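Shown below, as structure tokens, is a lone chain in the form predicted alone; questions about how it binds or moves come after it.
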Amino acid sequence: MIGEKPKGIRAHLTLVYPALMLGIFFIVPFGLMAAVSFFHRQPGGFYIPGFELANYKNLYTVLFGRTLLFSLFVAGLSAAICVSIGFPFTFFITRMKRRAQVVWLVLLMSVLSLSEVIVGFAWSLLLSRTAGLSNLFVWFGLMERSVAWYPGFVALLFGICYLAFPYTVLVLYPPLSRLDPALPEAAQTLGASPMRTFFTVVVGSLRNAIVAAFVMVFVFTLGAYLLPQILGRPRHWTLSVLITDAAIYQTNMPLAAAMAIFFMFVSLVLVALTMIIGKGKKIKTV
């Protein structure tokens, strides 16, 4: 009994550092933001400590509701597109030789070195009328005249998916690379077509990985801030832009904190529902 106590102490000490980092970088900032959301704002941009629900009541506006729904829609659509394209793309990468896999992964990692500002202005140039991709389509005879796809919803969607796609591949690569090649071969030996094998065996056995990739991209794109301002119109601005406008330009920190708390609560609920739905049904691959 006496000899077991130091081991128990050491086991508890190993949890001190993670708990300390969690408290410093998450619990304390979140607690401060939650407290500020109940503060009272005074004229001139100042606010005093207090407890009132006026900031949350001010969220019931058409602008906030529309922006919230648009932010969730863009994040969900971007996650669905990235996972739908990224899963078969990653599957084919894992079936290549090791050297080819390294080349593709290095190319994807190089995209992550680009800042959001560079990506935004690069896509604004590619989707513009003067020097955009539409001029290339006109040259090939696919279009009669060049058009501008920027700014707009399509440009915003392209930019967000471009940033989130490498993360999708990096999340899906480990489980797909560990997939037993004998499973698809056995399914095809039993008479299943390659398409049916892919959707029943590969997709069915990696449901948790697909859900994890979807949640990761959803959370990542939910806080998009620069791309909506660069590639979109004012009606395409996300809630992150609205929160920044309230905090910096309107100097209404309590309202911005209330919007951030409500936004995070809604996003956590949707993420939890997605994970429950994704793990609720099990696909038999026998």
Partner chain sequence: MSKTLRNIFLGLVLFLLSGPLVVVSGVSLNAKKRLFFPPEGLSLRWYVELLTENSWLIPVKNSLTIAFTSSLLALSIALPLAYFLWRYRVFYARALFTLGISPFILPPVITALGFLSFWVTVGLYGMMIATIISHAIFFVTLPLVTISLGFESIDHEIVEAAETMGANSRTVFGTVIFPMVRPYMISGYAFAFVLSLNEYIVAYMVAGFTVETLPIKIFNSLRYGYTPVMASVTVVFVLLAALIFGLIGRFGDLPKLLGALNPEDQ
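Residue numbers count along the first chain shown, from 1. The term rigid core refers to the maximal set of C-alpha atoms that superpose within 1.5 Å between the two forms. Computed from a predicted structure; not experimentally measured.
Here the subject shifts to the form predicted in complex with the partner chain, a form of this protein not shown in this document.
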Heavy atom distance at most 4.5 Å to the partner chain in the model of the complex, all of Leu32, Thr130 and Ala256: yes
In the model of the complex, Val111 touching the partner chain (heavy atom, 4.5 Å): yes
is_contact(Ser146, the partner chain) in the model of the complex, heavy atom dist at most 4.5 Å: no
Contact of Ser205 with the partner chain in the model of the complex (heavy atom, 4.5 Å): no
Proximity of Thr274 to the partner chain in the model of the complex, heavy atoms at 4.5 Å: no
Heavy atom within 4.5 Å of the partner chain in the model of the complex - qualifying residues of 101 to 128: Gln101, Val102, Trp104, Leu105, Val106, Leu107, Leu108, Met109, Ser110, Val111, Leu112, Ser113, Leu114, Ser115, Val117, Ile118, Phe121, Ala122, Trp123, Ser124, Leu125, Leu126
Core-aligned C-alpha movement of Phe265 between the shown form and the other one reaching 2 Å: no
C-alpha of Leu69 moved at least 2 Å between the shown form and the other one on rigid core: no
Flag for Phe26, CA shift 2 Å or larger between the shown form and the other one after aligning core: yes
